[in-house]
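Presented as structure tokens, the chain that follows is alone, the form predicted alone.
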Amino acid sequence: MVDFKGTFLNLPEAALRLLVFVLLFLSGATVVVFLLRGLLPGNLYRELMDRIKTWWVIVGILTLTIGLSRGLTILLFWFISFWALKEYFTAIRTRPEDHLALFVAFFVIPTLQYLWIWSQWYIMFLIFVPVYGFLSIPFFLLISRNPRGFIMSAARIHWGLMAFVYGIGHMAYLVNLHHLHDPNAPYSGITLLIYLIFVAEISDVFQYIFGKLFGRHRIWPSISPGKTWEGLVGGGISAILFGYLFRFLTPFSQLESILVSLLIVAMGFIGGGVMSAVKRDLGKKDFGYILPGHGGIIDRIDSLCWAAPIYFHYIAYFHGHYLLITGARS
């Protein structure tokens, strides 16, 4: 077996094993699509190549930030939340009277939430957005003194904060965790984060592949025409299999790794469906264009907005002592 210890950045050995697999997988996909370019329709070939190129960039950024430092990783997720809010607030309909509340929701609340994450203030991390954030937004809307559209504005802003700041923030907090049970264990908060991202994204990738190859029966024709039962089943089984094989990133038992992977797949699928419904409601195909072949940041993290909080609180509930040895403020 190859000795990965201390070979690249500060990534744990278990994470390096997964990185090697991901790089080999991306390399193979790049070669296959390049060889099939003559057989694939022009639009499909360009879409696939754009997707693969973007995945190379995503993997590179995640590897560098997670491997370099905890602070840089938290900063990355703050940027992801910030950009997702930008895409969302740009897409929704707002009133001129909402500007102050939008400023607070866009700059103040996300920044404070990630400050609590960086300082490992666990209780404040849990309650800040759903309590203080949610109570403050109606107050700043109230200052405008215009009741028309008040409920709609508050609901839209609250929903964006919950999905893109509170939901994604759970991924950032994972890097604060150290070791479960045994300080010499091969897993840590970093590997738990990597496991979540890997299972959720491999599910999306294989749902896309199986949907393109075998998709016949649509799940939500009026919401997400590309989502098929064949894609869901094929992608879900693939993600669960990979989650089982890479369970060394976690403290999960064999059966537990299957159940947790299934949980990530199910919640990720719901998250993708919800975001598709939001796009249909707004009359949009994608939330943005920053990620060629994928769309916007929201189009790439939609599954994680739902999967991350459930995954995090599963760990907190069943492996709750993990949080007690971090030195986090209570």
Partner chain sequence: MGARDLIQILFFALVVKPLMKLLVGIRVHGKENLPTGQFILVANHASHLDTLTLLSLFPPSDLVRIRPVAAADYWTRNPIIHGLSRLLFNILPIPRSGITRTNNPLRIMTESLEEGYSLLIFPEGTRDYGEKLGPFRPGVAHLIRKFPHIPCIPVFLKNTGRILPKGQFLPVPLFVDVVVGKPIIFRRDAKLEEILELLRKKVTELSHHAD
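Keep in mind that what you see is a predicted model, and the values were worked out from it rather than measured. Positions refer to the first chain, counted from 1.
Although it is not shown, the form predicted in complex with the partner chain is what the next lines describe.
Novice: If you check 92, 129, 80, 240 against the partner chain in the model of the complex, which one has a heavy atom within 4.5 Å?
Specialist: Flagged contact: 92.
Novice: Work out which of 107, 244, 229, 220 lies within 4.5 Å of the partner chain in the model of the complex, going by heavy atoms.
Specialist: So the residue touching the partner chain in the model of the complex, by this definition, is 107.
Novice: Hey, of 113-121, 246-254, 194-202, 81-89, which bit sits against the partner chain in the model of the complex at 4.5 Å between non-hydrogen atoms?
Specialist: Only one stretch qualifies here: 81-89.
Novice: So in the model of the complex, are 100, 103 and 289 all sitting within 4.5 Å of the partner chain, heavy atoms only?
Specialist: Affirmative, all three are within 4.5 Å.
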